[in-house]
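A lone chain, given as C-alpha cells: the form predicted on its own.
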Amino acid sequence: MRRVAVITAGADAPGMNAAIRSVARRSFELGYDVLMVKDGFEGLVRGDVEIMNKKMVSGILPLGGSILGSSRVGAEYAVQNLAKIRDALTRNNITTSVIIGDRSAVAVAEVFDANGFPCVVIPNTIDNDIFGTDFSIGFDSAITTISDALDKLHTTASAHHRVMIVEVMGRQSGWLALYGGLAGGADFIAIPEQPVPIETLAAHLKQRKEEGKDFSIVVVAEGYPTGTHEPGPAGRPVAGYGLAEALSSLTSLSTRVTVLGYLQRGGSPTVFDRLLATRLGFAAIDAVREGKSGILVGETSQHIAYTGLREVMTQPHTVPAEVIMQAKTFY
C-alpha cells in the first residue's frame, strides 16, 4: 500500500492547487492514500500531517496560492531537522513525498534523497529557473500579469511623456522580464543574462525621443546589475530604482518606477498552467507507481521528462541566446 505525502514548498505560484488536485486524483485512482502536509517542510517538522480525501481537492483547480500553505526553507534547515523529518515520515507510514515547489524545494528534496526518503519533485515557480522542464508551473500566469500591467502603464506613460521602468521578479533569471516584456510591448528589456552598459540604454531612450516617441516602457529583471542603489528587503538589489537613478544622471527624461512584486505570484492560474500542473501531477504519481525517486518531473518539447535532482541543481536554466536575439528586433 502506497501512502503519498503532498508538500507545497518555497515561494507560492499560480497552479500549485491544480498540481495538488492532479496528484490526489491520480493517487485515488490507483488506490493510494494521500496525506497533506501543512505549511511545507516546517509543517512536516512539526508533524502537521493529515489524511486527504476527494472532497478536499474538489473545486481547487482555479484557485491561486496553496490550500496546504507553504514555507521557504533551504537544505540546511532540512539537515538540522533530519530526525524530526524522519520521525514524521515514519510515524505516518509515508512511502513517497511529492514536493511541489521552487529551487529551494528542490534543494530540500536533495536532502530527502540523500537520506533515503523517496521523493518526486514538481517544478512550480514563476521564475522558470529550474532545469529539467521547458516551463515551470506558474510562469505563464506571471507573464500574463506582467503583460496586463504593461498594457495599463502604456496609457499613463503616454499621457505624461515619461519613461516607465517596470521591475519584475525572477531573481538572477530573465525569463519573466523577457517574455513578459515581449508580450506587453516593452521598448527595452534588461535581463541578467545579457546586461548592457547604462549608456546604451540611455542612448536608446534618447533616440526614441528624437524620433518623436515621447514615452518608453523599460522592463528590468530584479537581478539585473545596476550597482547604483542600496539593497532592498531580504538584501535584494532594487534594480528598478537603481536603473532610474542611473538614467536620471545621463538623460533629462522623466522616469517613474513600478515594482510589480507579489502581484506576479497571485491570482488564478492561466489555462496553460492548469494544464501543465495537471500533466505533471499525473506524471509524478505514475513515476511513484514505477518506483522512481530522487527526480524532477518536467515537460520538454511537450513530452514528460524525468531528471535527477543533482542535475537539476547543478545545471542552469537561462533564457536561450536565440530568444534574446529575436527579442532585440522589437527594442
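The shown structure was predicted, so the numbers you read here are calculated from the model rather than taken from an experiment. The numbering used is simple: start at 1 and walk along the sequence shown.
Keep in mind that the form predicted together with a small molecule is not shown, yet the notes after this line are about it.
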Looking in the predicted bound form, any heavy atom of residue 26 within 4.5 Å of the small molecule?
no
Does the 4.5 Å heavy atom contact test between residue 309 and the small molecule in the predicted bound form come out positive?
no
Does any part of residue 274 reach within 4.5 Å of the small molecule in the predicted bound form? Heavy atoms only, please.
no
Residue 170: touches the small molecule in the predicted bound form, heavy atom cutoff 4.5 angstroms:
yes
May I ask whether 140, 182 and 317 all come within 4.5 angstroms of the small molecule in the predicted bound form, judged by heavy atoms?
no
In the predicted bound form, the residue from 146, 164, 243, 126 with a non-hydrogen atom within 4.5 Å of the small molecule is 126
Note: exactly one of 154, 84, 204, 72 sits with a heavy atom within 4.5 Å of the small molecule in the predicted bound form, namely 72
Using a 4.5 Å heavy atom cut-off, which of 75-83, 190-198, 249-257, 170-178 contacts the small molecule in the predicted bound form?
170-178
